[in-house]
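Take a look at this single chain, the form predicted alone, given in structure tokens.
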Amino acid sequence: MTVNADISRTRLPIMRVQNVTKTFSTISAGRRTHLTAVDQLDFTIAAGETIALVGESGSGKSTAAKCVADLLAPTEGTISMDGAPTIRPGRRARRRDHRRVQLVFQDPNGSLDPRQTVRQVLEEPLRNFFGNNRGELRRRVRELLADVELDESLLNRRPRELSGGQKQRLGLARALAVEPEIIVLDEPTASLDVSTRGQMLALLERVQRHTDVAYLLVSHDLAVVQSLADRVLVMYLGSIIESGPTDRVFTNPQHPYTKALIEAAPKMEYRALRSAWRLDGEIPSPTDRPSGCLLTNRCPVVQPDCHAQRPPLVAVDADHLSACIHPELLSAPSMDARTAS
């Protein structure tokens, strides 16, 4: 389970995401429309903390992660580290910020240069940020391999000669090479088998304990989120609709969408009873959002006043927020019977 469940309350944030919105222009039926992929995000990340972004495909979590990693510029809002914006004029300032936030991609086959050896993959970022001292490069490469538990015998191999787990470890080592403060993990175990997935999660925890690096984890695998994350941000149609410490959100969800995600997750127990709690239909298009609560067209407990206005995130208890005005209906006994019919 997580190492430091309350770390965000005991340490100052190193990154602050404030009112971040990301829109894209699209042309449909000859008309230009604006698609809001991320809408008014607010959260912080502390050193040594793991925050997870969860939600269905199309919820905006990957776009949010790309904004944090400076692969996309927010349309509105700010992202800052230690009080300074991460998007700043000047090549030197942006280079320094890029070093502080690194990204481990979901697909290592697409993110590793097939022409480079393991040694070259790791030496490239080291040369870019720390110079060309040959002895120092060799020392740091060996250290990085040890950090991610890869053998030095792999140094002259190319990505096609590595297993999936080895390639993902190499991607992590490359991110660690520049000594970042935050690593964005985009579905880090999605391409791995079950046994290798467990090894990767254990490795991520060990690296974090050793380096105090923070993780922003993007994942649809709730078992991975439960294992690794200190806090979870549940996203729907680009907005955060519930957030809080992982254990509290998973054991006491306060939004119908969060409850549906948890109930739909695969159960390990043989013949485990499945809840009848579910959502109807598919996630709407970001260009055609429902009025009021974003979940009104799918929610099994929707009430007339849910259509009136967008509910804000409000405190359920300490550090646990939800954007639902009728959380009491989530535990109503009649609801399961109703959704099962």
Partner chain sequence: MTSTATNAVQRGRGGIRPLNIKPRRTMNWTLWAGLGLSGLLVTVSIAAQFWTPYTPTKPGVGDPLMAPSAAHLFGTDKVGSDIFSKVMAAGLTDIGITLIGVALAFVIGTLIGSLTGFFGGAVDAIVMRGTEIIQSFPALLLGMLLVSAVGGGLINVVVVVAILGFPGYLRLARAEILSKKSMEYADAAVLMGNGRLSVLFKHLLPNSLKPLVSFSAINASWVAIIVSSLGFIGIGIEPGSAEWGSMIAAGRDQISNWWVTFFPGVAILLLAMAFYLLGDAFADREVQ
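All figures in this text were calculated on a predicted structure; none of them were measured in a lab. Positions refer to the first chain, counted from 1.
A second form of this protein, the form predicted in complex with its partner chain, is not displayed here; the remarks below concern that form.
- In the model of the complex, no residue of the candidate spot (Asn133, Arg139 and Ile183) has a heavy atom lying within 4.5 Å of its partner chain.
- Heavy atoms of His98 reach within 4.5 Å of its partner chain in the model of the complex, making it an interface residue.
- Shown alone here, Pro125 lies within 4.5 Å of its partner chain in the model of the complex, counting heavy atoms only.
- When its partner chain is considered in the model of the complex, Val301 lies well away from it, no heavy atom lying within 4.5 Å.
- Though the partner is left out of this view, Ala146 does not reach within 4.5 Å of its partner chain in the model of the complex, counting heavy atoms only.
- Of the residues Glu179, Glu76, Asp113, Asp151, just one reaches its partner chain in the model of the complex with a heavy atom at 4.5 Å or closer; this is Asp113.
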